[in-house]
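Given next, in structure tokens, is a single chain: the form predicted alone.
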Amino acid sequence: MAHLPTDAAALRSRFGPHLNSAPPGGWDADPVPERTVETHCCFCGQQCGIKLKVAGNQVVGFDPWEAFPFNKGKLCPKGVKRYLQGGHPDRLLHAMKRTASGFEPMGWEEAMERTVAEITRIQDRYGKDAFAMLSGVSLTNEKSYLAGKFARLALGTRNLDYNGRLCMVSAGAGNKKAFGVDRAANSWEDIPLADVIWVTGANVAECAPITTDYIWRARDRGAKLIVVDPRITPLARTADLALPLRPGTDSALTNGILHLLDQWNLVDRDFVRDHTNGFDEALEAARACTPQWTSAVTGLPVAAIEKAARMWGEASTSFLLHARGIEHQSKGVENVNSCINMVLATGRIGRPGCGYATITGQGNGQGGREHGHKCDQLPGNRDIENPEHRAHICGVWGCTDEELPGKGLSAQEIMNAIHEGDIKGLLCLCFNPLVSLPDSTFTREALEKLEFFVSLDFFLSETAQHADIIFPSALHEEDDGTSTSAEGRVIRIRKAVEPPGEARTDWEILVELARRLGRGRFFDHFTSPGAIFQELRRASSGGTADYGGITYEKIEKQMGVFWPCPTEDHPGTPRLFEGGKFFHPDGRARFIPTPWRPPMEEVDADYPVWLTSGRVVFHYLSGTQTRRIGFLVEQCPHPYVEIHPRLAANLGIREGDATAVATRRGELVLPAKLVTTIRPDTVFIPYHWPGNLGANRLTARHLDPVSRIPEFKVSACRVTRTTPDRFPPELLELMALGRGE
């Protein structure tokens, strides 16, 4: 399938608008809101409360929702400007089909008929698993649940996965290994009670800004802050101790800390004996991790490593936070478990002010991985290969075990199988893998090999530009449902406006497709998000992620309910593990040995510099939404190479110079940004842009053996000064925007 031109509007906005969005015809100078709707931000996993102002069928502004307990009215720049995307001229209003000259509108009936015919053709010829589904965790819990059921019972395929595979799965796998459950151990209200806060691989101030407030509240009462990251991030600039380690050496540091906790008798031996298993094995894996060895591997001074161990080990209360920096690696699960080993060794977890959590990146990253659109899970955080778990879900769904497919391929593995020709068709819902998967040249080649590709989205993303059929779907504010925040708090998403044009909600589209595929008996009762949630409650009941006692009314009354919540008279569970009780059958936590191993790709003579990637405060993931909000685009209009002045001087690079960054996958030419807040052996590129500006042209497809997450954060690269005529044309356009031209 060749990549054909798209319509003019999509090409014009490929890299973001020059002006803020507005409804067709424009807004009056001061639109008068008719009502406000209490809901939540559509972006990161903090899920901040917000009040949307509505006039007619348009969201025209917002008010702070000061009563919502998590953010108390505070919002980051993305939250403040989120309402602007709804009126963007690129909004998909009709079903679209690919033609020889680009995309053209098509009738809904024709779109449905052709999609069902192509799914049937491919599966009849190649088998059920030759058609795959990818979905996103910006979806509500109801849609995530439905996506899992749709793939397995409507498509009958095992090949379903989601873009949370690129985010929190290493944390989830590590948590389940250690604790028997995949959730933050505490609500964020425990952070201000901590005496020491350890933040590793998490750019909190830019990627989870409201969490910064909780850390400041702890610091106001005297808490110490340790930040571990190859870059001196905004939060690290205020830390009591910043540890800028080499990329990919995180578990060397945490093993070194465990080694010192044992050597200095800072391990809570009673807690370890009474509430855990596996300590001796974990300690043996860290036996050789002396301060001198740890220093040699991480590049950190021995004194700094020892200071960190003292601060952590001697604290009365402590909270450890991590995010993608340690998880986006081919040993992400090991990194997570090495952090948990540090937490368990002190014996403080489960007490007020003593916690552990991953900072979930995507809007419903927590709920999305609990209810079934992950290739190895069923609703309630159940294991798809566990016979008892399968029997429970079959009972709820009314299907046989033979009708329920088994474990499928992960997101990157699905793309690999498409590239190899084993998967012929794809349904993609709210996922932009052409920007967000590693080695984007490989991803583009794979998409072009599909015999049929159908996309459900509200904008024509870079991935959707390869589709044969596109169904226009609904924005966050155009549907009802629930979401689950990084804390494990289940919240209500409230519909503010109707979808425009012929756009429909994702659940309506999937239910109609299921009916036309002859599987309506499993889906016909889904007449509203509330009806889907009622079944989700039954499906999750008895699982570790138990929503059985959660209702819409209870969520609204309590402003969120923390799972597990097994019965309607149960208040929910903000703090897990109180009294040293964990979710494994014996009630004990597990130390997991994490012997040191290097990343899959290391620097060498040909590629002597480390490359890492991430985002800044004005960006959200692949940019399908935030590259269409003018204010956010203007604050950071184009990508760049962040480089230390010492490395830049060695390479003859000055501020703004055209700089080529090459890996074994490809090359980008971007302007240099000289900063002293990065290691001299490392460069950083924000990954928000597509095509010739996409950082994921450079990253590798190495996967963690357990979580199957790609190694986005650690690549070996070569950096050279080049000439401005090598800047891509689209970069020159964005640079002109940055200059106000």
Partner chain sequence: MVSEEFGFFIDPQRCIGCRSCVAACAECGTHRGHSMIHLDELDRLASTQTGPTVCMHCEDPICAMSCPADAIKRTEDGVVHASQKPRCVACQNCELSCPFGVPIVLPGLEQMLKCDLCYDRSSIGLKPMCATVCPSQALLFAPRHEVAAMRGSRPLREFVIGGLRIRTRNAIMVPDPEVPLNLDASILMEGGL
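None of the values given here were measured: they were computed from a predicted structure. Numbering follows the first chain given and starts at 1.
From this point on, the text means the form predicted together with the partner chain, which you will not see here.
4.5 Å heavy atom contact, residue 216 to the partner chain in the model of the complex: Judged by the heavy-atom cut-off of 4.5 Å, residue 216 is in contact with the partner chain in the model of the complex.
Would residue 593 count as touching the partner chain in the model of the complex under a 4.5 Å heavy atom rule? Looking in the model of the complex, residue contacts with the partner chain do not include residue 593, since no heavy atom lies within 4.5 Å.
Partner contact for residue 693 in the model of the complex: the partner chain, 4.5 angstroms, heavy atom: No - in the model of the complex, heavy atoms of residue 693 and the partner chain never come within 4.5 Å of each other.
Hey, in the model of the complex, is residue 237 touching the partner chain, heavy atoms inside 4.5 Å? So residue 237 counts as contacting the partner chain.
The single option of 553, 402, 220, 388 touching the partner chain in the model of the complex, heavy atom within 4.5 Å: For this set of options, the contacting one is 220.
Just one of 41, 700, 674, 55 has a heavy atom within 4.5 angstroms of the partner chain in the model of the complex, so which one? The residue from 41, 700, 674, 55 that makes the contact is 674.
Decide yes or no: are 192, 353 and 633 jointly within 4.5 Å of the partner chain in the model of the complex, with each residue judged by its heavy atoms? Not a single listed residue reaches the partner chain in the model of the complex, so no.
Can you say which of 128 to 136, 613 to 621, 316 to 324, 432 to 440 gets within 4.5 Å of the partner chain in the model of the complex, counting heavy atoms only? Every other range fails; the passing one is 613 to 621.
Can you tell me which bits of 636 to 651 touch the partner chain in the model of the complex, meaning any heavy atom within 4.5 Å? Contacts from 636 to 651: 642, 644, 645, 646.
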